[in-house]
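A single chain, nothing else alongside it, follows as structure tokens in the form predicted on its own.
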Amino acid sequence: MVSKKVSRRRFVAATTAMSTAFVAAPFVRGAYAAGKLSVGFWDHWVPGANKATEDLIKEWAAQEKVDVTIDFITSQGNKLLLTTAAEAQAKSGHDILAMNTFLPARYADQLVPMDDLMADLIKANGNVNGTVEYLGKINGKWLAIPATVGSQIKGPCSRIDLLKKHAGIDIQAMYPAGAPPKADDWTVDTFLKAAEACHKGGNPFGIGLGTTSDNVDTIGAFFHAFGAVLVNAKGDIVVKNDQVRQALEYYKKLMAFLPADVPAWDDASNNKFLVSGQGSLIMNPPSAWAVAKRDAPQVAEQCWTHGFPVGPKGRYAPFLPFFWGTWNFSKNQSAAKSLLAHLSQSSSAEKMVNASGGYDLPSFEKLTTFKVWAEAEPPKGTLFHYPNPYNHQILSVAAAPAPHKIAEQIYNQGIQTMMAVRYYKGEPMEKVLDWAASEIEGFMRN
């Protein structure tokens, strides 16, 4: 039995701290009829969540007689990203590797097509959402399998009491546990009025305008709600359109009711804001609620996760999927596909979701009604609408439908949030649009 030392991410209050744990690998004894396999998965922040994945791999490996080595690779310090780049350059490394968001497109030339496996999984588990297809199906070919582990919706998490007190909104009635949403009146205008009321009441919404993921994901969903596209699917720069102007006008109004320092917020800021008891609403997966449950139970028992407001072009929510890909230089591609099929079964997905406390989200439409979301508490039902069980929202990613190379840079550079901050601070609209167009032109030259 060989032991590897891997880093495991854990929450401390609303921030993360690093600790070290041992994961035994390889863990299969006897005759390895199907050879060896090396897998590298995202190192989960939820204590114990990695073990569910490890147990499923052990189960498969024992049955298939495969010698499996598993590494859980932290995303702290971009280690997972750097590992992916190094393996792609060296053409050597893990047979299966976890990749987030835009990475399947970035490494499309080096990944094994997964059309056969995806066809079977869609037949068994239902269709995937459009964002997963946009990110994982490149030039008509599936190049990665949507992973349960790490995938998430970053929707509103609201304080039940504060929305009632300041804005007169009963969010539980709007998004009742165990029943479809009754949210026709939950519009971008209603959202703006609620933000104003909560700001005046001393408990503002906590929506960041920095350039990190949480901030970009939120503004991306609002841009989609207005139909605001910076670059179209053909790769044309179309920044100067009325929908983008409308989105920026809306954000200028919204920012007047947010904390003054939101342009400097990172991905920990909104978590801290909720757990501290200051905020009436943030945009996040259930991570902040999970920390509040431990550190500020009086806050947690008032939290309710629900859907985005609807805009002129629809109701959009940010979805960030993880993928599992296999390199085309892998020496055991058939075993890799077999393991991915095992991990993608409904029973496997439910075990991983349970281990994460409901944080992880399968991408397949039939896998959005596991008991953990209905039973999570306090208060009971707080996560029922987190997985979008009624397809109430269109799951989206910021900067789509731009070609992946351009969309990834718009996303990573936080172009949309920077546009909003520039306009809020007084820069003329057309100057903001010119700046954004110039930045994107630079991405295209690189």
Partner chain sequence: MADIAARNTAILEGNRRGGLHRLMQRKSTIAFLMALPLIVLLGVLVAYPAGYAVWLSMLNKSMTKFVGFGNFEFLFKRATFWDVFFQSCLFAISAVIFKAIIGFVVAHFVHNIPTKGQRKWRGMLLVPWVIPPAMSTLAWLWLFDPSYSAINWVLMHFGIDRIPWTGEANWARFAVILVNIWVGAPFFMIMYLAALKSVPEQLYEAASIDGATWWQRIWYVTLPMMRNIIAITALFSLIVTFANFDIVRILTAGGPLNATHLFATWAFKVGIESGDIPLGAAVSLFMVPILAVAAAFILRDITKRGSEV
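Just so we're clear, the structure is a prediction, and the values are computed from it rather than from any experiment. Residue numbers count along the first chain shown, from 1.
Note that the form predicted together with its partner chain isn't included here; everything after this is about it.
If you check its partner chain in the predicted bound form, you find no heavy atom from any of Asp360, Thr369 and Leu383 within 4.5 Å. With a 4.5 Å cutoff on heavy atoms, Thr190 does not count as touching its partner chain in the predicted bound form; it lies far away.
The shortest heavy atom separation between Pro263 and its partner chain in the predicted bound form is within 4.5 Å.
When its partner chain is considered in the predicted bound form, Gln409 lines it closely, a heavy atom lying within 4.5 Å. Mapping the unseen interface onto this chain, Thr211 counts among the residues with a heavy atom inside 4.5 Å of its partner chain in the predicted bound form.
Only one of 175 to 183, 118 to 126, 239 to 247, 75 to 83 lies within 4.5 Å of its partner chain in the predicted bound form by heavy atoms, and it is 75 to 83. Just one of Lys405, Lys65, Lys51, Lys36 comes within 4.5 Å of its partner chain in the predicted bound form, counting any heavy atom, and that one is Lys405. Put simply, of His94, His199, Lys272, Lys137 only one has a heavy atom within 4.5 Å of its partner chain in the predicted bound form, and it is Lys272. Within 4.5 angstroms of its partner chain in the predicted bound form, the stretch 409 to 429 places a non-hydrogen atom from each of Gln409, Asn412, Gln413, Met418, Val421, Arg422, Lys425, taken in sequence order.
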